[in-house]
Each structure stands twice: as structure tokens, then as C-alpha cells.
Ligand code: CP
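Okay, so here's just one chain, in C-alpha cells, the form predicted alone.
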């Protein structure tokens, strides 16, 4: 296993499955998480240069469950607001004794940082529109828990594909498995990178895309990553691409519904979110377990 987790492609299929199996050990039957002071001498810095609730909080909870000290980092109150570069900021944290840095950044800087500061372990907590490896591990774990396997499944991803780091990391992760089909669906203006995908196929019609689906992952419109103002009629968009109970009838009766969050109820109806087929809340809980497993493995390596 490499020193840092910068991309899901840094992991082999065996390493992915081992991390998922390891993560299960941290979950207890009552829904709580095991707390063990495994790393009382380690300090984790959560350096989030973009807003986050689930990822940031779950990394913090995971680190504290493992006995680590955690340095929170609020960009609005940091020296980055005064013009300091991310390199200088993380270097300063390193000099203060930080062992591992979880970084979320709107640009692709984490590989350069890892080379610049080899004494720190780096975990990618979300990199622009490029990658989000721990979210991919969460999604794979959730599918395996619900379906027993990833092999032979029909998987559909619908929404704002172009701006989704969740999608790119999920595709990297799932390329290790023998799934039956992978279908990308979304408004053509938000699916330019997936019109002719290397893996899977693009289907602009949601009803057709959902036919016989075992897993449906929905994605919000990521307004903050559009370079130009989005000219979109939301009612038309919802008519075509919102996952509703009616549209879900095209999928298999036991299909599971996923979403990396936050949910806006544009890409998915409230009734589908609340339905028995929704495993979105399971994904959130699995976030803590996966991040406990990732921190444990990478702090030990």
C-alpha cells in the first residue's frame, strides 16, 4: 500500500476489499462505532479549503474514535485568507507536529503537496472535480453490504456527471470489479465527459437508463463548479432527470438508491429519499467506518 491515499487508483482490488472488510470491524450492531485509543500520539489536520459537512465531520469523528488529536482548520480564519499558499500552510502544520493531513481543495494540488512534504501522510478529502477516493470506498462498501457483491450488477449514475469527483473516483474503483453494466445518465450539457465513456455507456433518457437497474446513484447539480452561469429550466430538468417513485419503477424492485450528499431534492424526490430502497443514510454511517479504516491503515504504514 502506498504511503498516501491520493486517488482510488492507488489501491489494488485486494486493498479496496481489505479496507472495506477492516471498516466493518469498526461498526457495532447498535449503529455506534468502536472507540479505541490506537493512535494517541498522532495528530491529524483537517485542511478543508471548500465547504464540507459529511466528509470533514466524519474524518474528525473517525480520528477521535482512534484516539488521535485533531486540528480543525477553518479557511476563513486562516492565513490563506491573507495570501499564504497552501504549501506554506501545510508546511507550518508539519513543523507543529501534524502526522497526517486530510486535504480538500478546489484545485489539483495534493500530489504536488505530497512530493513537497514527504514527512506527512496525505489523504485526499476531495479534489476539485477530479477525485474523492474515500467516498468511492464508502459507495463500494455500501453496495457490497446491501447486495453481497458488485459482480453482475447493473449500475446507473444520474445527474451532474461532468462536475462530480464522486463519479470519477467511483468509476476508478469499480473498474476492478466484474459488474454487468454501468450506465451514465444526465443532461447532455452536464455529461460531456461521459458521452463516449471508456467504461460503460451514456444514455440520455432516464427511463431507458433505469431499466433493470440494481443500483442507482443520484448526483446534485454542482453549481459552484460551473465556469459559466447555468442556463437551466429547473422544472424541465426535474421532469427529465429527477429520480421519482414513478421513474424508479423502471429499475428492479430491490434496487438500492444512493447519493453522496448533500441532497437538494432536485435530483431525487423526497419520497424516494425516504423510501426503503434508499441507502443514503447507510452511506453516511459507513463514512465514519471507512475513514477509521483508512486512517488506521495509513497511520500504520
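Note that the coordinates shown come from a computational prediction; the quantities given were computed from them, not determined experimentally. Numbering follows the first chain given and starts at 1.
One more form of this protein exists, namely the form predicted in complex with this ligand; it is left out here, but the text below deals with it.
The partner is absent here, but in the predicted bound form a heavy atom of 52, alone among 244, 250, 69, 52, sits within 4.5 Å of this ligand.
The chain is drawn here without this ligand; in the predicted bound form, the stretch among 37-45, 253-261, 271-279, 24-32 whose residues come within 4.5 Å of it by any heavy atom is 253-261.
For residue 124, no non-hydrogen atom is located within 4.5 Å of this ligand in the predicted bound form, even though that partner is not displayed. Shown alone here, residue 104 lies within 4.5 Å of this ligand in the predicted bound form, counting heavy atoms only. A residue is said to contact a partner when one of its heavy atoms sits within 4.5 Å of a partner heavy atom; residue 167 fails this definition for this ligand in the predicted bound form, lying far away. Though the partner is left out of this view, residue 218 does not reach within 4.5 Å of this ligand in the predicted bound form, counting heavy atoms only. Of all the residues from 130-150, those having a non-hydrogen atom no more than 4.5 Å from this ligand in the predicted bound form are 132, 135.
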